[in-house]
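One chain comes next, on its own, written as structure tokens: the form predicted on its own.
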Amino acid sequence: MSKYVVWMMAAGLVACTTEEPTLSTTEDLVQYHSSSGFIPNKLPIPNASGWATTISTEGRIDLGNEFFQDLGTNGRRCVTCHLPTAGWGITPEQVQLTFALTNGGTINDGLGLGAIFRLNDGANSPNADVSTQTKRRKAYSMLLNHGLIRVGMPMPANADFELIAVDDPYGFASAAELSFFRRPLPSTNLKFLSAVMWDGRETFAGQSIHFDLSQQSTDATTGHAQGEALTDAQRESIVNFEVALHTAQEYDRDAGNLSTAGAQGGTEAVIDQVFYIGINDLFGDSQTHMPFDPVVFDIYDAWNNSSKRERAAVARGQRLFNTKAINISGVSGINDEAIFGTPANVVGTCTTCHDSPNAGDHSTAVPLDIGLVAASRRTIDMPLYTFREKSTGAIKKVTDAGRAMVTGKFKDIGRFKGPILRGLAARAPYFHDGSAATLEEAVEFYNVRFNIGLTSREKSDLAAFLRTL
């Protein structure tokens, strides 16, 4: 066991209380439960807002699954970048802890040798010098500071645009391999997926999400873990493990138990939530043919008139998310698409894009550019790429080309999918590039970007709601 203690609150282990759990690591969980071979359902995992839990519909989290096994050549496993103690993703804090605690005993001082620290995509450049601790801290700075993995992609063949300039602070990126820095998406709540990966590159036309995830598991093994392609049995085992996972915030330090007083927060409600591709889509539900309903979240309706101040704030935040009017303008994928009649502005709400009931992602594979990758938002540690459309000469300068690297279409530059919103409190920072350190910063980005005019209380209420998901 490491110096951190696992705080247990599971049936037969420790009685449920409202006492705050102690910080735990994935190492703690695996070591503590190694003799039994599983982690029990609903084990509380602490985060800055309270604690979250995960339930597997298989009855428990099986530590013998291929998800936890070394199937590559560089020591990485699925769990390396999808930690149960980080909402099944990674956080900078846990990456930094891994850097500090891992000691391979082979390179100088030994620190920073955990499996996540590999040159192929953990470092800012695959050519980085990692011979000393100081040099490793510099080489892995994007991973350590922002929880970002480098995605290396060549310019797509037959693209309708060209790369005309590269400003890479790490001196590596070129048309042969551009470097994009992105957050690993969580490997839980996958029942709500409509597209796999931020840019949808693991979503295949005419195939099921199960097929997409199966292909993604092999690509992750050959790419991230630098191994051989998985067998069909290994892929099925990993996918079945992942799709059985359901995660949500269970307890909020301010609002308390999230499934009390009529509320339907917490993980158990996630299991029962209905989802299918095209549910509640803006252009009509794919199965019921009912029109789009902007009231996407209703889990805290029972707290609308709560006498507890903190619960009332969560309910107000939910109403704002569902109903606050937003003038949507300049969004590539909405304002420039013929399906919307190419309007200059669309009056919508947060749920215009976050339309999946009580999940908050988009129920169809519709990537959007909301301005996150604009040159004006670039920080000094991000590359900047200049692209030119071949037919018109139009120029775009961005930190990440997004969906365009998959389709080869200039119009798709900077477009990304919207992620599932459950379990947000466990996996800061936010957005594909980790540019919002907190949920308050994420709310403020939208407030400024769309000139919403949120009051201080409205911002606070929205953040309070998002923390409880």
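Remember, predicted model here, so these are calculated numbers, not experimental data. Throughout, we count residues from 1 along the sequence that is shown.
Not on display, but discussed next: the form predicted together with a small molecule.
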Given 280-288, 129-137, 155-163, 190-198, the stretch touching the small molecule in the model of the complex at heavy atoms within 4.5 Å is 190-198
With a 4.5 Å heavy atom cut-off, would you call L466 a contact of the small molecule in the model of the complex? yes
If you check in the model of the complex, is R77 within 4.5 Å of the small molecule, heavy atoms only? yes
Interface membership of S217, the small molecule in the model of the complex, 4.5 Å heavy atom rule: yes
Is E242 one of the residues lying within 4.5 Å of the small molecule in the model of the complex, judged by heavy atom distances? yes
Could you tell me which one of A442, A425, I39, I413 places a heavy atom within 4.5 Å of the small molecule in the model of the complex? A442
Contact with the small molecule in the model of the complex, heavy atom within 4.5 Å, among L372, L144, A315, L97 goes to L372
Thinking of P184, L368 and P419 as one candidate spot, does the small molecule come within 4.5 Å of a heavy atom in every one of them in the model of the complex? yes
